[in-house]
Every structure is written in structure tokens, then in C-alpha cells.
Ligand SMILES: C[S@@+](CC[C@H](N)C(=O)[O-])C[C@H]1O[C@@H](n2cnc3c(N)ncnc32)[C@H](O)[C@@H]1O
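This document starts with one chain, in the form predicted on its own, laid out as C-alpha cells.
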Amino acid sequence: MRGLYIHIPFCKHICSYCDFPKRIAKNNEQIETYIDYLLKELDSYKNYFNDIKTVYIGGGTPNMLSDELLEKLLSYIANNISNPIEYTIECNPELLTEKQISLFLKYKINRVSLGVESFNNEDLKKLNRYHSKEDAIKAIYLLKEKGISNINIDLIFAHPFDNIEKVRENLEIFKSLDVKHLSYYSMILEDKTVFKHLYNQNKLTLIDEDISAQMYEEIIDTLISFGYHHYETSNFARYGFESQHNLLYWQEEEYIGVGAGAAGFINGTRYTNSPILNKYYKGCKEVEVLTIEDIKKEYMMLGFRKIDGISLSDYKARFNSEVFYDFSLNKLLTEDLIEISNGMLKLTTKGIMLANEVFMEFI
């Protein structure tokens, strides 16, 4: 099974924390040129289309495309890829329209991911988001009313303006909306972002790590009490609504990435397209052929992101080897960061809180 990721790098504005490949479009002609090239790049992967089971259109802001360009892209996918089991598009709440939702339904998109980030209007302004709490709630109700109930929302915690009370308020509002899936990410201060620039000038103070850990623990406990399955370090779902596309990444399955800055993993080779449009149009990309040792390390690091962990039998079947032969895990076991349970090697409760320390062992 393979996934297909399609990257739309254009945004109406740039959020203060975002380091994804993105840009503000000069004009609609620039976006038209991009979509035309994107379809040509998709053509180059046609031999793989029969195995595509998940499609994910991300960004950037995919729903800033005009209705005409959006339909051009969606009709291409519909004509070339048959009935993916999961078909997701990312949307900004303030840009979502009934016409867009009609196109989603027409072309069988069955999952929408909304970039909400917070339900606190003051924090949204400080994060340089252009929607309000009311816009986000309206978008969720509109999707449900039109027949799309498989909705994810993204939230961010431990940003510079956050506190435990705001986290609790976000969770209570989320509960009231009865959304199937939540990605609740801890903010990471990334290079080449507005926040990093402000931090370097001593104009921004970050949340204390202990407070961030308290927030994370509160998020996990609260969402589990609400009946959500904590299935990946930052992801929670009603049972049966886990993100199938993201699970492909975490299970180290193959996926195709198209678009400026998009990455793919096929036949043991990882590639990353140039995020610079002119270079992307020339086919510039970084290519890395992974060794079996590289693949094993990535399998472990990605596998530990899943709360259920790594199947020891699956590892043996995949690599014809044993986990404990290939890796020295005594330190992680001794420090109570990982454990073995029912044939699964997984993070402990302590390990979930300190997951990055576990991941670093495989980098």
C-alpha cells in the first residue's frame, strides 16, 4: 500500500511559528503555473497509481486555490486514482466555502483537516492566524451539515502565550464539537520563523519545559477520559478514525510526494523536491538511497511514535533479524523509557513524556 502526498505551498499570510515550505503567491498566474507543473510531476508517477490507498493534500493552504484550480487538481486525481480508502485535504477555517465543500464531495474527499491551532482569539492573533474561534466552529458545523463528518483539527500547545487554563479551555471546546480526530502539537521553535527571529532578539519568552510537560500530560489524560484513542505521540482519535495516511509514515510504508518541498519514499530511496519554485520546475531534488541500517533505524524511530509501539514479530518478518540483536536498548529499558508488552516494544508512560529522548537514540 502506498500513500500520495500533494503539497500546495501558497498561503494568504505566513504564520509566526511555521517552517513548512510555503510562500505568498505573487498572483493567480503563479499558482496556475504551479498547478500545471504539479500535474506533470504526478504524470511521472502513473506507474504507481494502482497501489495508492491514501491521498493527502497539504500545505501551505490548499483551500486558498481558486475553485477552478482546485477542481482542475481534484479532477486529475479522480481520473487517475480509484477510490482511496482515505482522502484528506487541509483547510484554513476562514477560507472554507460551501462551493469548496461541494467540490470535496464531488471528488470523494472523505476527510478534512482544519488548521485551528487555538480557540483563544487573542492567541490566534499573536500566532498570526487570520481566523477566529467563531470561524473555526462555523467551519466544523458547515462540514458536518454538508456530509463530511471525518474531521481533524490541529491545535498547538506550549506556544509562548499558552497556559494550562487555555489548554483546558481548548479541550472543553473540542469536546463540545464532537470531532473525530485531534492533532495536538507542542510548538517547536523552528529556524527561519518569525518566532525564532523574535527569540534571537530577546523579544519572545518560551514556555518552561516542566510546564509544557504538565500541559502534555493534561492533554493525554483529558482526551482519554473523553473517549479518544491516543495512538501516536501527538494524535488522538475516536476508534476507527485514526489517520491512515499518517500511519503509512509511522509504519515506514512507501509514499509519493509531489510539489515544491514535498518528500517521498520509494524503493528504499528518499527524495525531497526543492522548495524553491524555479528549482522545483527544473526537477531539482535531493535524493538519498537508504542502507538497510538506515531503514531499520527509521523503522524504530517512527515505530516508537505509535503508542502501541513496534511489533517484534513484524520487525523480524520485515528484516529477518531481531530488534535486540540490531540495537542496544538496555539504556532505554533501564531508564524506564520503553517496555515490552504482549510482543510489542513501546514507550512507557515516562517515555511518552520524554519521547524525543527515545527518538534521538536512532538518529
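None of the values given here were measured: they were computed from a predicted structure. Heads up: residue numbers just count along the shown sequence, starting at 1.
One more form of this protein exists, namely the form predicted in complex with the named molecule; it is left out here, but the text below deals with it.
Visitor: In terms of non-hydrogen atoms within 4.5 angstroms, which of the given stretches 243-251, 273-281, 185-193, 160-168 touches the named molecule in the predicted bound form?
Guide: Flagged stretch: 185-193.
Visitor: Find the only residue in G264, G115, P84, G261 having a heavy atom within 4.5 Å of the named molecule in the predicted bound form.
Guide: The option sitting close enough to the partner is G115.
Visitor: Considering non-hydrogen atoms and a 4.5 Å limit, which listed residue (E71, D123, E90, D135) is close to the named molecule in the predicted bound form?
Guide: Result of the distance check: E90.
Visitor: Taking the shortest heavy atom distance, is C18 within 4.5 Å of the named molecule in the predicted bound form?
Guide: Contact check for C18: yes, within 4.5 Å of the named molecule in the predicted bound form.
Visitor: Check I156 for me: does it contact the named molecule in the predicted bound form (non-hydrogen atoms, 4.5 angstroms)?
Guide: Answer yes; at least one heavy atom of I156 falls within 4.5 Å of the named molecule in the predicted bound form.
Visitor: Taking 4.5 angstroms as the cut-off for heavy atoms, does S311 touch the named molecule in the predicted bound form?
Guide: Answer no; every heavy atom of S311 is more than 4.5 Å from the named molecule in the predicted bound form.
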